[in-house]
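What follows is a single chain, given as structure tokens, in the form predicted alone.
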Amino acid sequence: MAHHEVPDVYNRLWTPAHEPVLSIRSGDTISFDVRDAADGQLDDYRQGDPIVPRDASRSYPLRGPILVEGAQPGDVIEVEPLEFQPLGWGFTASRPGAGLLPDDFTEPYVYKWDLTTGDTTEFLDVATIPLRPFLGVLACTPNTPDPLPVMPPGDFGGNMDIRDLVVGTRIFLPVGLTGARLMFGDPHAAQGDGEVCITAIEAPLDGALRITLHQGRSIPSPQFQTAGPLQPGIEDQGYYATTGVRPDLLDAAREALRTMIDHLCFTYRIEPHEAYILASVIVDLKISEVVDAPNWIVSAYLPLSVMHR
């Protein structure tokens, strides 16, 4: 098996028209660095600086496409993360009209994270966040006649933002084109299930992956297998959870989040925009009940181990 360095080339659309940057064989490993989802536009931002509009055309720089020799439509590519290392800083941002609560927050807000202090990072004087880096965007290029933006995800994968795709997890992706044409990006240093304000801790990182081709096996959409408990160490002190009960799952999720923001503001004496950012990074949304129509329940789980009091 061979090891490859991914060339310093980025693309920002899903399309078969991209020129491949690398060709590998099943079982090979690749190493790379990848820029954050804003392409470094917040690299020089300091907490409290005026927030200037970002160039949306630079969003979601992706590495690839990478050809996997022998891959054909209907096959499966297995991606095994071997190493992820955030590169010193990250940001979490909310903006009006985006996220799970698009109408609740009318002013943009950015929180800049220091990722130079080891395996955790601090949020104000309120919480210590364990780092669990992963790639938010990962997929084999879909067979599409027209270029597709990175958002939203699809059955092929893409902008999945699944926080458990960390080192040790095995990720299985459907192949839609000859050669698979693997692309990836949107690195995150930590994220709650739901990524509720529309960003996690967005951070550039170094990484390494092992790529394996499975022929004669087909899957309709991405699948994955974790290496063990989902968040060892984080769950040890239990959770505080809020609920949303509504006849629509999205409305129930919004209600659970709004109530969690109220709880964070009251208990930890922070502002709503700060609670929204913190929830996006550490709070997990879970579907608790969907069988008693007409109402469904979504719960928002806050791990108490990360909180300072």
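The first residue of the sequence shown is number 1, and the count goes up from there. None of these values were measured; they are calculated from a predicted model.
What follows is about the form predicted in complex with a further copy of the same chain, which we do not show.
Trainee: Among Thr128, Gln72, Asn143, Gln223, which has any heavy atom within 4.5 Å of a further copy of the same chain in the predicted bound form?
Mentor: Answer to the contact question: Gln223.
Trainee: Any idea which of 207-215, 113-121, 78-86, 192-200 reaches within 4.5 Å of a further copy of the same chain in the predicted bound form, heavy atoms considered?
Mentor: Selected range: 192-200.
Trainee: Val291: heavy atom within 4.5 Å of a further copy of the same chain in the predicted bound form?
Mentor: Yes, Val291 sits close enough to a further copy of the same chain in the predicted bound form that at least one of its heavy atoms falls within 4.5 Å.
Trainee: Within a 4.5 Å heavy atom cut-off, is Phe105 in contact with a further copy of the same chain in the predicted bound form?
Mentor: Outside the cut-off, so no.
Trainee: I'd like to know whether Arg246 contacts a further copy of the same chain in the predicted bound form, with contact meaning heavy atoms within 4.5 angstroms.
Mentor: Yes, Arg246 sits close enough to a further copy of the same chain in the predicted bound form that at least one of its heavy atoms falls within 4.5 Å.
Trainee: Looking in the predicted bound form, any heavy atom of Gly238 within 4.5 Å of a further copy of the same chain?
Mentor: Yes, Gly238 is a contact residue.
Trainee: Go through 96-116 residue by residue and record those having a heavy atom within 4.5 Å of a further copy of the same chain in the predicted bound form; state none if no residue qualifies.
Mentor: Read in sequence order, the residues that approach a further copy of the same chain (within 4.5 Å, in the predicted bound form) are Gly99, Leu100.
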